[in-house]
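As structure tokens, one chain now follows by itself in the form predicted alone.
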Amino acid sequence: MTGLSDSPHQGVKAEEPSGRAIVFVIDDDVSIRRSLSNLFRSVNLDVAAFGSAQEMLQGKLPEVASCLVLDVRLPGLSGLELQTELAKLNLHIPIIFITGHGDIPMSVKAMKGGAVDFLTKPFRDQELLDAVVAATERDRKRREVEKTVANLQSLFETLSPREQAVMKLVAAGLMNKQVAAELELAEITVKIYRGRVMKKMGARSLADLIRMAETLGICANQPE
């Protein structure tokens, strides 16, 4: 484990992530925290364990793939209440609920809130590990998508307003002549703008540019 602790009083530091996936554990039973921490470390996962939801919220989450193994019943803020609070904070960490007192309404509420799994104690180690692997992989993919969108948005913002307008219309399927008519420009001017857009966006083909526009959600509607 690198730079993270299972001490319930140490906040999570964002400055020193190892790059490996991190499993956050919140359970008010210290023996369970230690047992789960040892299990996850045995498969080369970093762990940060806490005795309450408030202790986790005091820290800042590292920018690496992660998931949260969360007891439903906790002192202070409950597991389900923490799930709601994380959603309000726009923190999309996948959650695996564990409980010794599960019931159907509780599990339904958790899953509707976006939980990856809801496990009732006692559960098999492999069952929990499988859920953790699935959760961290989901988070890894989400982060990759968000990074791609952020990079494309940065490139799009380097375009002039006119170049942005040309990109939207070209991505909507309009030919140069149609774009020229729509923007009241000469067709040769549209070709120049289009070339600049392709270069600035790093698009290798029209299909590539269209995919970028779709990812950004910026395609203009075709005129009637």
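For the two forms, the rigid core is made up of the largest set of C-alpha atoms that agree within 1.5 Å on superposition. The numbering used is simple: start at 1 and walk along the sequence shown. Quantities reported herein were computed from a predicted structural model and do not represent experimental measurements.
The next section is about a form of this same protein that is not shown, the form predicted together with another copy of the chain.
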Exercise. Work out which of the listed stretches, 170-178, 26-34, 42-50, 184-192, brings a heavy atom within 4.5 angstroms of another copy of the chain in the model of the complex.
Key: 170-178
Quiz prompt | Close approach of D103 to another copy of the chain in the model of the complex, 4.5 Å, heavy atom | solution = yes
Practice problem: Consider T120 of the chain shown here, and say whether it contacts another copy of the chain in the model of the complex, taking contact as heavy atoms within 4.5 Å. | Solution: yes
Self-check item: is_contact(K88, another copy of the chain) in the model of the complex, heavy atom dist at most 4.5 Å
Solution: no
Self-check item: Heavy atom of V145 within 4.5 Å of another copy of the chain in the model of the complex
Solution: no
Self-check item: Position in contact with another copy of the chain when the complex is considered in the model of the complex, options L82, L74, I93, V116, heavy atoms within 4.5 Å
Solution: V116
Exercise. Sequence order please: the residues of 174-200 with a heavy atom within 4.5 Å of another copy of the chain in the model of the complex.
Key: none
Quiz item: Does the C-alpha of N176 move 2 Å or more between the shown form and the other one once the rigid core is lined up?
Solution: yes
